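Before any questions on how it binds or moves, here is one chain, the form predicted alone, in structure tokens.
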Amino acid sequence: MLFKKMKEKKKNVESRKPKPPSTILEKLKDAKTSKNLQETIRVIETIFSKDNDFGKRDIVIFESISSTVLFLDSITDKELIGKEIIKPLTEWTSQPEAMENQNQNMDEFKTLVVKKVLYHANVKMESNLSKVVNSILRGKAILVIDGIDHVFIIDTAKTDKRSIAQPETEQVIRGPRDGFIENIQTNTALIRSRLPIPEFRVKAIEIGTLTKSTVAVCYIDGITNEALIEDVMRRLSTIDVDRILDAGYIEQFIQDNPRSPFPQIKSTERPDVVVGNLVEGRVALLVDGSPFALIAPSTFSQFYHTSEDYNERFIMVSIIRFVRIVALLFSLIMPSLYVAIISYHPELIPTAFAVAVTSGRAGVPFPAVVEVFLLEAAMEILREATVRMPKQVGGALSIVGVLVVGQAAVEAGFVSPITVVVIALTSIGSFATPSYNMAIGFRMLRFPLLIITGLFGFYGLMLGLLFTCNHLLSLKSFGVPYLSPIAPANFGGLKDTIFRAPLNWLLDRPEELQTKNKRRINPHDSKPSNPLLGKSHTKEGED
């Protein structure tokens, strides 16, 4: 009964909310273009009358028929308009052969214009005024001819974009150096160049009532689970917002638990990382205007893997991965562990070390938990200031902050030298995490863990870690357990989790993705033979 009343109350509140005003495109949804050129132009000019970049070019064809080209010169290539529209139209209509078609049926004439005159690759006819106005806003030119009830839409958009360069957020030592940019067509081309197969699919959807941002859903047909594709499309279709300015907006709308400090969707600037995940059976999302791609579903282990993990020998990569995990745990629990030992369990410290710690803390006016908390907060402020400052100043600021401020704080007696060492090692450990989203989650988690440890000692530390593990176990990414293949246990998937097995052992796609094609190779194919020995290495009876 209570839930029913709450539901009715919510419904009444929503009914009292003012409805958003309908947009111009919505008002023109059912409007059609007219055969009267002036009438069609009048409607379009009314919409763009206050825009100083609205362009109009009148052309007379056959010495008597009026035509007009409409465009926004700020986002339209005017040179392309002259080359692809005006010049072909005027030259063709001045020929004797074309003069014979002057008095023919207008339906045949408009087809003739598309086939013989406008030889641009992307030309289409449209009669819906809403789509016509939307095309102008996309940088396309509109050709209106008197007597024809359709207009011609020609793609003449100006594509100013930065060059492809190495991503700054994902540095790699050995691997491809190209990265995504803000143009979605270029980003799609970077993926297609690595996946030259017809099974690679790209579905586009527009999101944002004002920005009309294009979001591309990429997957490989025949590998990716159809239920996953449908779930992604369903979540995207339910987004009702006025603007999408970056892929981060999409991530927050479609992730399973937006209140969690841990990211459930991986973002990357690297096309090779996207292709690697597509081949495994995942879905990638590209957003027009964003250099980041989203990968779903994502598990915890993906956030400390890098693309170069598969370009090096498996023994070295396994050691490096183990170092990353140790650094991640070290950065999370080291400050709390230090506070628990100093404040509650000093008997655990060896005698020689206890003397050094006691002498270093002599004269410090704050308890250990307050001292560590203040120094951690200062480090976060310094880190944020370093990121936001210009590059020419940011490097110098970090050096000054660490050396000068830290040394001055120790000499003034506000903090002890051992605390500075602990916080410095903690900060270095957080830098070892390849993913910025995951690193910042663990950094922010240190503060509540530090507070509960300061109140209850080791018991508080263990309680905080239990809550963290329980939360990680409860998370899912598009139905996939966040800690898989560790929990639930999948021994086949553990070959590429904490450690990395040789590549010829990694022949199965992740089981938790439930892909259509489980094997990376055809399981019925035999192993390749050695051409030097002239015989196969395949044993008799081996599949």
Partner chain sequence: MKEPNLITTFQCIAIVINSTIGISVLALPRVASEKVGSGAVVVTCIAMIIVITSVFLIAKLTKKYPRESIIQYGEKLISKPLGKVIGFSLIIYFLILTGLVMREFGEVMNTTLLQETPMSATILSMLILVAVATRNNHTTIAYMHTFYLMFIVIPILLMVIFALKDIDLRYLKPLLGNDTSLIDFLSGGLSVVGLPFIHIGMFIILVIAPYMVEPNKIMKGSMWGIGISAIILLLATGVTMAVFGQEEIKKSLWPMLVLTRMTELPVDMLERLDILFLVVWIVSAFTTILSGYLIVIELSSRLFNLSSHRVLSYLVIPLVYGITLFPKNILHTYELINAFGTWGISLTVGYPLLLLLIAFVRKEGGKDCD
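Residue numbers count along the first chain shown, from 1. Owing to the predicted nature of the structure, the values given are computational and were not obtained by experimental measurement.
Omitted here: the form predicted in complex with its partner chain. The next part is about that form.
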| item | value |
| --- | --- |
| Triplet Y459, K476 and L513 all within 4.5 Å of its partner chain in the model of the complex via a heavy atom | yes |
| In the model of the complex, the one of V480, I44, V69, L37 near its partner chain [non-hydrogen atom within 4.5 angstroms] | V480 |
| Position in contact with its partner chain when the complex is considered in the model of the complex, options M334, V317, I349, V172, heavy atoms within 4.5 Å | I349 |
| Listed range touching its partner chain, judged in the model of the complex by heavy atoms within 4.5 Å, from 222 to 230, 174 to 182, 270 to 278, 83 to 91 | 222 to 230 |
| 4.5 Å heavy atom contact, I486 and its partner chain in the model of the complex | yes |
| Contact test in the model of the complex: Y436 vs its partner chain, heavy atoms, 4.5 Å | no |
| Its partner chain contact at H345 in the model of the complex, heavy atom, 4.5 Å | yes |
| is_contact(T111, its partner chain) in the model of the complex, heavy atom dist at most 4.5 Å | no |
